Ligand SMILES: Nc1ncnc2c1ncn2[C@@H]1O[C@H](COP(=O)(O)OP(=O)(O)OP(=O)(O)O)[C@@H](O)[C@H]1O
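Quick setup: one chain, the form predicted alone, written in structure tokens, and binding and motion questions come after.
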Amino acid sequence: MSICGLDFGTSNSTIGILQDKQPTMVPLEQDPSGEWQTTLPSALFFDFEDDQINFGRHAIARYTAGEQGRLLRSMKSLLGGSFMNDKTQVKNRFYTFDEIIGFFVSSLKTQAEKYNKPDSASLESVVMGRPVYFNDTDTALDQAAEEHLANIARLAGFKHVSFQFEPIAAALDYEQQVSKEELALIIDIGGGTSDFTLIKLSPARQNQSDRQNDLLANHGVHLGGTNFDQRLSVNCVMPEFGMNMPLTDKPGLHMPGHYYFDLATWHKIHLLYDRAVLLELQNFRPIVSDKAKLDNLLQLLKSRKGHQLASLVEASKIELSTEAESLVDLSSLFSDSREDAMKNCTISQAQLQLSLQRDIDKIFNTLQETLTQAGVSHKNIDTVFTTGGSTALPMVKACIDAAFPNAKQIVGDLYNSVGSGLLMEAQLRYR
């Protein structure tokens, strides 16, 4: 029986298989430098010219290059919402979100099977990762989200589908390197969720299928890297396009903010390209206090560069993981040489912290709730294991350092720890 572990993420996805009986994370795509990466950005591009579907970095590159089509990203964030049964129009056809996610999951399965030996059996059994909560408040929607994802996997060709919480999968990955029993706190801050697991780990417990007695608490909140991108964009970049600028005919009123919030939200950006929306914005021109900023917004939308702008903001957030400030090259979105043309902006660490503080506070309040559930204090934690791209942010690291000064801190593979753990779980379940 051919098995795999599949981590379908909000921002990036991975898949792990057994190749010659060895656990292997599948190289899924070459990056711009030509290096093969085991992560595939969770993105699809529907090409309107040839009706083909592209995935990952290639999908994003084709869209940002200006090719005609529809880009969809952060699809996992749709699961758990009341709109996950809705349809969306692509060219002249309406697709369910299950169908769209299914295209992406099928591409991961196909890539993994191609990478395996040509005469190997097709992948039949999968353990998929899931956040602790797809929906923080509605248990029915949370369960429905898992059922949607299971059905998607079956339609992609998997015969046996099961799930494991993503932070538990990361714990299984980390357990391979422990030398003695320890109480570990797993912190997984991904693109869409922040999840926490408190679990007892030891060499003797490795490869045991029943770990219920070792699991002290499991908790999470629906906040992650895409939320951080949105906050950073709204606070630091959208003012460059006129957000909050006064309207001259109505003292005390400002440019409506919903346009800018949509422009900072991946799955809503395409709505702003509608002709009716562009006309609405054009009608504000006589009464805005800074016509140049509104003109830049209109030009951005007419040239369909909203997703490219979102990518620039995301890249700046990532750069701020290691740098004191980051330049957002807004001028790259425009081709004109007007005197009042778009100018670049710089985001500092202080601006990043101000933008994200409320979300970070909520995430670490949820972490405290995890400890409370287990009846332990910060002093009881032997090891803090972190995974997920957003754990690399300096303010996240500072919060962890302050909360657990005496714990051993282990930084896992930010993008592959969960997938590796899911493959281990698949070995236990389907052996």
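Treat the numbers as computed from the prediction; the structure is a model and nothing was measured. For every residue, the number given is its place in the sequence shown, counted from 1.
The form predicted together with the ligand is left out here; the points below concern that form.
Contact annotation: the ligand lies within 4.5 Å of heavy atoms from the stretch 224-232 in the predicted bound form, the single such stretch among 343-351, 224-232, 327-335, 96-104.
Site annotation in the predicted bound form: the residue of Glu124, Glu314, Asp142, Glu113 reaching within 4.5 Å of the ligand with a heavy atom is Glu314. Taking Gly242, Gly191, Gly80, Gly220 one by one, only a single residue has any non-hydrogen atom within 4.5 Å of the ligand in the predicted bound form, and it is Gly191. Using a 4.5 angstroms limit between non-hydrogen atoms, Lys76 touches the ligand in the predicted bound form.
The ligand in the predicted bound form is approached by Ile318, whose closest heavy atom lies within 4.5 angstroms of it.
Taking the partner from elsewhere, Gly56 is found to have every heavy atom lying beyond 4.5 Å of the ligand in the predicted bound form.
At a distance threshold of 4.5 angstroms between non-hydrogen atoms, Gly389 is in contact with the ligand in the predicted bound form. Although the ligand is not shown here, in the predicted bound form the stretch 164-184 places heavy atoms of just one residue, Glu166, within 4.5 Å of it.
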